[in-house]
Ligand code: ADP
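Next up: just one chain, as C-alpha cells, the form predicted alone.
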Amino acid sequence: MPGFFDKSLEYLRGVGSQRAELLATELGLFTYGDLLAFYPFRYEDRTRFYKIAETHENLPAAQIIGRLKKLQTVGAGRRQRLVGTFEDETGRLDLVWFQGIRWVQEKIKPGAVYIAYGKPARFGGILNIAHPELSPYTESAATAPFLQPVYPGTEKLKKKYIDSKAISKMIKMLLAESLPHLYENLPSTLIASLRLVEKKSALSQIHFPQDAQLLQKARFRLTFEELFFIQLRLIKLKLTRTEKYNGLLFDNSQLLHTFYADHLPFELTNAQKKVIREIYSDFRSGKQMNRLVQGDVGSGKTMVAFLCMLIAISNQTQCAFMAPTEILAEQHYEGLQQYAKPLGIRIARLTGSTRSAERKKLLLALETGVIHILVGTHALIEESVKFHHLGLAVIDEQHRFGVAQRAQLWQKNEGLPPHVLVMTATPIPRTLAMTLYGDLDISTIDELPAGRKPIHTLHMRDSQRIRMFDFVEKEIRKGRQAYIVYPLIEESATLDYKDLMDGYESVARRFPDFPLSIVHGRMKAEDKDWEMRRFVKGETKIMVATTVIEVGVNVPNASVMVIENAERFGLSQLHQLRGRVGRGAEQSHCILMTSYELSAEAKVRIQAMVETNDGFRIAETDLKLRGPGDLMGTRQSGALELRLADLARDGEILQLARNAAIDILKHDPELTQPHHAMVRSFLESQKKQENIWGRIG
C-alpha cells in the first residue's frame, strides 16, 4: 500500500531522528521501504554448536556453549586486555577483549553460562576467540539454530552503537509491522509457472532464514523480481519509443554502393557487414533508431559509422559525429576526410578551439545544408549550432557523455528526430548490456579485420626491468614508438606506486638519445594536446603518461605499451590501454610490469590479459571480479543500482526475467488487464520523473 513504505525511518520504534539521520547519511536509508530492501550481504552459520575440544584455528567461526569461569585484566597501558576463561566439559579456551574493556566488565558476569561466537585463533599455544559475541544461554537459544544475517555498516555507525545486530533488530521490528501492508506484485500465473515463493515469505526468509534451502528460494524470488521490473521498464520504454516516435525513412543507398564499388580501401569483416545490415533495416523501418554498436578497439566501428552516414547523406540529410576530446575529434575528421573527398562529401570540424571567424562561416554552411558531416566535441550541442536537416547523430565512446548532452543532439531537428548511433570500444558483458541498455538495440562487432595481428602480452616483474628497457630500445631502433604508463602522478605516502615523475626521469636517463613526451591529468588541455600531437607526428619516440591516454589517439606506429604497476589497474582499464597499440601492420607488444607479491585477484587479472585479446572474455572476467557497479562507472551515473541481483552470477535469472517481461508486454503492452493490475501499480510506484533522455538511451 503506497504510503506505509514511504514513511521516514525516524517513526520506527527505537530509531528516532538522530539515528534516522545517521542511517540516511551513512547507508542511504531514508524510508521503511529502503530498510526492508537493505539485504544482508552474508550470513553466519549458527545452526551448529561446537565443543571446545572440536574447535581449532582453521575454522572460519565457531559457536560454543560454556561457562565463564574467570575474568581478569592483563597488561597495562596500550597492551592492556581483558581475558576470560571459558570452559565446557571437553576443555577450555580464552575469550579476549582489547577494546571496550569497562563496558564488557559491566555486561558479563563470571560463573554464568553463555553462548560464545567468533573466529578461533591460537596465541602462545592457547586457543582463544578475540572480541567474541556473547549472549546468555537459554534453553530456547540452544534449541533454535539459525542463520544470522550480517548487514553492511560503517565505522561511524558502529561508534554510535548501530552495528549489524542493531540493524537486524530494526528490520525484525519493521517486518512485523509491514506484513499487513505487503501485497503481491507479480501475477499469480508467473508465480505458479516459476514456482516462486510468495512476497511476504521471501522478505522474511531473506532477512531471517530458517535454513539454507529457504534462503535460496527467497533469494531467487527477490532477484527475479528485481530484474523483472528493470526489464519491464526498459522494454516498455523501447516499445513506447518505437510506437510513438516515427523516424526518418532512408531507402536510398546510392552513395554507399558507389563507395563500396569504387573506393572501399579494404574488405569489410562479416561482423561489420552484419551490423550495417541491422542499421539499414532500422533506417527503412520508418521508426526512430537508437542503436548501440559495441566492438573491441580496432574492430572497425568508425568505418561502419561512415558507411551509415553515406546512407543518411544519400537521403538528403546531414550527419553529426561527436567525440569526447578535441584530439579524437581531430583524428576522426582527418580519417573521415580521406573517405569523403572522392565522393564530393563536404566535411567540417567544430571544437572549442575553432576560431570565431571560421566558426561563423561554418555555422552558416551548416544551416544552409552545404556541410554534409560535422565532426566535433560537445561543441556540437551548443544552441548556436543549427543543422539544415540532421538525419544521423553518431556518438563515439558514448559513456563519456552525459545523457542530457545526448538529448540536446536529439533535439536538433524541429520535425522528426535524427537516428542515433552510439559506439563504445568497451565491450559489455551480455548480462550487463541487457540491464544497462535493454531499451537500445545492440549490435556487436566481434571480429577484427583480416591481417590485424593479435597484440603479444607479456608479464614481467620489477627484477626484469633491464630486459624490458632493452626490448623497448630495440623496437624504437626499428622505427617504432612506445608508451610507458604509470598509475599515479605524484608520490603517495601510503602506497608504494611507481611515481610518474620519477618514472619520467628514469626513462630519460635510460634513453638519452630519444625525445620523450609526458602527459598527465593535471596538465592544461592545450599542453596535453601539444604533447599528444608531437607523439602522433613521430617527433617524440616514447610517451610517458598516466591513464589519460586510455581512450585516446590512434598512432599506428606505436608498437609497445608498457604498463607499470599493472596490478594497480582494473582489468577493463588494462585492456583499454593495451588497445592503444596494435593499430598498424607490425607486431605489437604489451608488457605488464608488476611487483613480485600479487594478490589472488591481481593474479587473475594479469593471467586474463596474458591469455586473451578478446575484450568480451575480459569484460566477463571483470564483471565476476568487480561486479556491475564499478564497470563503466554505472553506479556513479545512477544507471544501475542493484540491491540483490549479481549480474556475474544471475545471468539465467536475468534471461528468465527478460523473457517474462517481453511475454507480458507482448500480450498486454499497457498492462491494463485485471491480472496485471499489481504489476502496473508497482511499476507506477517506482516511476521517477521521466526525461527525454530516457527515450534516447
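Every value quoted in this text rests on a predicted model; they were computed, and no experiment measured them. Residues carry their position along the shown sequence, with the first being 1.
Only in words, not in the display: the form predicted together with adenosine-5'-diphosphate, which the text now covers.
In summary, the region of this chain contacting adenosine-5'-diphosphate in the predicted bound form, judged by heavy atoms within 4.5 Å and restricted to 445-453, 86-94, 199-207, 586-594, corresponds to 445-453. Of the residues Asp527, Glu267, Glu184, Glu601, just one reaches adenosine-5'-diphosphate in the predicted bound form with a heavy atom at 4.5 Å or closer; this is Glu267. When adenosine-5'-diphosphate is considered in the predicted bound form, only one residue from Pro487, Pro120, Pro324, Gly300 comes within 4.5 Å through any heavy atom, namely Gly300. When contacts are judged by a 4.5 Å heavy atom cut-off, Asp296 counts as touching adenosine-5'-diphosphate in the predicted bound form. Put simply, Tyr245 is far from adenosine-5'-diphosphate in the predicted bound form: not one heavy atom of it is within 4.5 Å. adenosine-5'-diphosphate in the predicted bound form comes within 4.5 Å of no heavy atom belonging to Thr426. Residue contact check for Thr317: none of its heavy atoms lie within 4.5 Å of adenosine-5'-diphosphate in the predicted bound form.
Residues from 321-339 that approach adenosine-5'-diphosphate in the predicted bound form with a non-hydrogen atom within 4.5 Å are limited to Tyr339.
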